[in-house]
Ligand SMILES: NC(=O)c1ccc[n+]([C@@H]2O[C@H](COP(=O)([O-])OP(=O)(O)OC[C@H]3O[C@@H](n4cnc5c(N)ncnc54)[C@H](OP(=O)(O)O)[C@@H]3O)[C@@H](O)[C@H]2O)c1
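One chain comes next, on its own, written out as structure tokens in the form predicted alone.
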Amino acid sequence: MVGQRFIQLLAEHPYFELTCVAASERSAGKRYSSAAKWYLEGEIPEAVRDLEVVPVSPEKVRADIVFSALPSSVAREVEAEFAKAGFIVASNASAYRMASDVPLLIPEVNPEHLDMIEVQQDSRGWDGAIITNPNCSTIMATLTFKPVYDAFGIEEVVVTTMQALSGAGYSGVPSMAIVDNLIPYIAKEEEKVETEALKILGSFNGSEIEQADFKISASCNRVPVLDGHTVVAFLRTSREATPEDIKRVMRSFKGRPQELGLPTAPPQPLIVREEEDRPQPRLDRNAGNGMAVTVGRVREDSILGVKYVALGHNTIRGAAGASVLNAELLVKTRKL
């Protein structure tokens, strides 16, 4: 699902020309339209339909930037091979997210972490580099944390996620398991949410990341929604903040992608709604072409102080679109 989102987003991109599609040996040598069953809305982009699928090997790929939607078990070895061979790898996989010399990037939140590339290349002897985007739910949550963290500080966060089926892939959850049901467990998901945000909100001191110092507790659930992850967040801030204060800083929040006018960046990364029953996946997941996070029900919490609901498109903002935006920032700021 994420690989097809990559193709959809790159097919007519103003910065990038999609020159190559790589997959396993059983697909290599076939036309893309023959090798892959298209699951997304619309048709396979014409520019990709007749591309010959090549093996996942640096010797077979003609490109400057490689977008990786590989499973983590495969990505650890393959992405390193590409970076060593001089490619920039914009990865959606989790294999290198928490590596001390690899940027874990949300361009509106921590664009300065791109400076870690030099540390990575020096420490590993690579000509290329790996840049990762976070877990899908981490992206939605951390985008909302950033303006609050900067304005008021954060002491504690409790997060509950309700995650869409597409996050598990087309065949990831059997229909008989999810229809009329909720699954209160997604393997390794809670650990990712609890650790990744602290790296993202940390500061780069020139050699390593000094992680943010607050506590996160997460509970992650799979729900019968096709696209769109919902995050319910409860926050204790370091300095007093009312719900109106929280809404104000979220509404005014913009980052480097908006300043630079990056093509995939939403004009407003956080959209705050006042309706009592929003956001909802069907109504709000495509906000900002799927790249904005919608926030609603910002209100007082009797235990931690403030709580709200956030929602974003998990395979666009939470996956392929996040990697594309990372690559756009790299190209625009470093002229690669």
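All of these numbers come straight from a predicted model, not from anything done at the bench. Counting begins at 1, following the sequence as shown.
What comes next is about the form predicted together with this ligand, which does not appear here.
Residues with any non-hydrogen atom within 4.5 angstroms of this ligand in the predicted bound form fall in just one of 248 to 256, 70 to 78, 101 to 109, 145 to 153: 70 to 78. Contact annotation for the candidate site: Gly202, Ile271 and Gly312 all lie away from this ligand in the predicted bound form (no heavy atom within 4.5 Å). In terms of contact with this ligand in the predicted bound form, the residue from Val231, Ala197, Ile130, Cys136 that brings a heavy atom within 4.5 Å is Cys136. The single contact residue among Arg299, Arg282, Lys60, Arg26, judged by any heavy atom lying within 4.5 Å of this ligand in the predicted bound form, is Arg26.
At a distance threshold of 4.5 angstroms between non-hydrogen atoms, Leu262 is out of contact with this ligand in the predicted bound form. Within this chain, Tyr170 lines the site of this ligand in the predicted bound form, having a heavy atom no more than 4.5 Å away. For the chain shown alone, His113 is not a contact residue for this ligand in the predicted bound form, no non-hydrogen atom being within 4.5 angstroms. At least one heavy atom of Gly318 is located within 4.5 Å of this ligand in the predicted bound form. Along 1 to 22, a non-hydrogen atom within 4.5 Å of this ligand in the predicted bound form is carried by Met1, Val2, Gly3, in order along the sequence.
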